[in-house]
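We begin with a single chain expressed as structure tokens, specifically the form predicted on its own.
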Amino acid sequence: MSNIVVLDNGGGLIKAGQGGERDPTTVIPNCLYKPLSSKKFLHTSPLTTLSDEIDLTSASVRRPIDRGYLINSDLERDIWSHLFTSLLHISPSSSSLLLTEPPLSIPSVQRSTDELVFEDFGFSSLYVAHPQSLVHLYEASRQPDSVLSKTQCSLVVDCGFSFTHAVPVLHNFTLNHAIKRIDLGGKAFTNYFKELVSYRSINVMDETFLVDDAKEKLCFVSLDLLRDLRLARSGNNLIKSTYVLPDGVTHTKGYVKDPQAAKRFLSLSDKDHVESDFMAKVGDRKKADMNKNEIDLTNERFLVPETLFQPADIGINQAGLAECIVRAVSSCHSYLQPVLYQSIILAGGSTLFPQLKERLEVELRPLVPEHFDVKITTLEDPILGVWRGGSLLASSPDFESMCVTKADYEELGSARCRRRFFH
């Protein structure tokens, strides 16, 4: 069997490594960046070393994938070339590739991807999988006694960089007719966070890496939006947190001023009474101090993830996450519906917001028939779950027979070969 490379090619991060391993060899941002100190775009380092020595303040970013689709194959070729030669040290001509591709991808994008794999890099064979089916495979192997594993049926909620998908999976195949999508992901959250901070304190519209870092460290999902809005407006310290900006001298990365204080929101209970405190302090709000090298964050922390449940807040005329899940399940056969509600899996980096699972359970329960159980599980690592599923598939004895070889591609073309992957 030839060497198998598993490549989870996400819009935000690329996870790559050898099939059969537990964790990927490398995780890198799927982009090129240009810091202020450089005249040309540079390749990103693996996440473990990224920006430790480079000042990413106001760095420009170029991405090959926009809104989930490959829009710049030349840029992707450049990134993959660096990945295969400098980081993975593999020879594509003697390797097979297991590649992920978002559901409902259009033929022209699929054709561009196939050209990259076979014509530019010359891989010996290719298998393309939907990320959601790999999540299902990994979770089923991890919980052999669960309902998911026994029925081989699950609903994967994949909240990634570009989109949020609710995807029913049956026997490792996605049910394409029932897939529902919200045009919201990590990139939209970061952009909304930028707008809120820029409007209220200092302009951070060019600080993609910085705001991304603040979002990941400080944002959380509110369990009671109206209560938390009142708390934030009253200046309550349970919500407020401070993010220190880099000064370019002592530190080139932003950081949370008091990490323990940033977690105080977890102590909020439904019994908090803030009305009197709210009325007393509502007039004491201070303007942002432009001389301080830090940002005070209050309701921004939970208003950003809130858009996942209320997309209309930022002008997206689509259903929220709970309704999206119900619509996806309702599009499936009635026999599958109770099983799907019992095996909802959360995957993707944007599901790492604290309290997301609890809020989703609260929102889902009134929408689901009361005789159905609702059970939501989160992957042990939502970012690497897809890659681990791919690694598991690559190590199966049937994998070679499932692939399309370079000879098949040259004889039949992209469209005919694609029929083998998704029935």
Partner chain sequence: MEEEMTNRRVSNRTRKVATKMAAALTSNDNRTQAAIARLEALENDNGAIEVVDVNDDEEASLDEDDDLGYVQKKQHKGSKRKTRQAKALEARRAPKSFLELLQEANLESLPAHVPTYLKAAVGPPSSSSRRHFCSVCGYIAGYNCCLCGMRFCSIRCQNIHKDTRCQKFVA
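The structure presented is a predicted model; accordingly, all values stated were derived computationally and were not measured. Numbering follows the first chain given and starts at 1.
Below: the form predicted together with the partner chain, not depicted.
Note on the interface: of 120 to 128, 239 to 247, 150 to 158, 70 to 78, the segment with non-hydrogen atoms within 4.5 angstroms of the partner chain in the predicted complex is 70 to 78. The putative spot formed by L104, L303 and C324 is fully lined by the partner chain in the predicted complex; each residue has a non-hydrogen atom within 4.5 angstroms of it. Interface residue among L87, V256, L170, I182, judged by heavy atoms within 4.5 Å of the partner chain in the predicted complex: I182. A heavy atom within 4.5 Å of the partner chain in the predicted complex is found for one listed residue only; from D66, E380, E361, D373, this is D66. Contact annotation: L225 falls within 4.5 Å of the partner chain in the predicted complex, judged by heavy atom distances. Taking the partner from the other structure, the partner chain in the predicted complex has no heavy atom within 4.5 Å of any heavy atom of S45. Residue contact with the partner chain in the predicted complex: L352 places no heavy atom within 4.5 Å of it. In the predicted complex, the partner chain stays beyond 4.5 Å of every heavy atom belonging to P144. Along 302 to 324, these residues reach a heavy atom to within 4.5 Å of the partner chain in the predicted complex: L303, E306, Q310, A312, D313, I314, G315, I316, N317, Q318, A319, E323, C324.
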